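Presented below, as structure tokens, is a lone chain in the form predicted alone.
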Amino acid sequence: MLYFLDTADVEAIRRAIEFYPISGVTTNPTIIAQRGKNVVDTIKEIRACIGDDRMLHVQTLGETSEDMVREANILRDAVKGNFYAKIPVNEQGIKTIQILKKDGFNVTATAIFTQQQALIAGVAGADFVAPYVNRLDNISSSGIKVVEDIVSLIKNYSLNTKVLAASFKNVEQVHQVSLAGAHSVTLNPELCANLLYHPLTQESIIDFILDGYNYYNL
């Protein structure tokens, strides 16, 4: 499992990578807007925080393939390192994915809500496909089932594509996509921390400290 942080909060990123095995950071225009700073300035700060080796997934905003390609080049040149262009899965996006792959880009297909969207993006060459779990659950669909089906399709057609499950509200959703075979998840920092939390773990640690305090004179 690859764990990503879905945020542009540099301080939260800095704290998380100190403690957790974080493979990279994902962003989108909404996350960038929440930071309130220009996208290039923001992703440069993120890159300085995470280093060149961790993955940085940054979404384009253009509506045409030409604009998406142009923006992807600007964003990659701004941060260099292990960069992934995030491209939405409409017609212009699928065209863009194929162009970017020919140009040597790493690509993440995003805003995925159906199995066929993911399959088409994978066949087009996307390195990651990002289905939105909680948003599907909110419209009486099953985000977990969609992830499970996408994983099966990737295996059936031997695609070099990984599932990057996104849009979570709780730990149980993350657990279920893990069981479904998702290769990676992207989480806000608070939910990432909650993956480790259990009151009985905290209680056990306190008991160990109280029981062993007089015997650990190290």
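Just so it is clear, the model here is predicted, and its values are computed rather than measured. Numbering starts at 1 and runs along the sequence shown.
Quick note: we don't show the form predicted in complex with a small molecule, though the next part is all about it.
Peer 1: Check whether Asn28 has any heavy atom within 4.5 Å of a heavy atom of the small molecule in the model of the complex, and answer yes or no.
Peer 2: So Asn28 counts as contacting the small molecule.
Peer 1: Taking the shortest heavy atom distance, is Arg135 within 4.5 Å of the small molecule in the model of the complex?
Peer 2: Taking the distances in the model of the complex, the answer for Arg135 is yes, it comes within 4.5 Å of the small molecule.
Peer 1: Look up in the model of the complex whether Arg70 has a non-hydrogen atom within 4.5 angstroms of the small molecule, and give yes or no.
Peer 2: Because no heavy atom of Arg70 falls inside 4.5 Å of the small molecule in the model of the complex, the answer is no.
Peer 1: Classify Thr42 as contacting or not contacting the small molecule in the model of the complex by the rule of any non-hydrogen atom within 4.5 angstroms, answering yes or no.
Peer 2: No.
Peer 1: Find the only residue in Val177, Met55, Cys192, Ala166 having a heavy atom within 4.5 Å of the small molecule in the model of the complex.
Peer 2: Exactly one residue meets the criterion: Ala166.
Peer 1: Within 4.5 Å, heavy atoms only, one stretch in 76-84, 140-148, 91-99, 127-135 touches the small molecule in the model of the complex. Which?
Peer 2: Looking at the other structure, the answer is 127-135.
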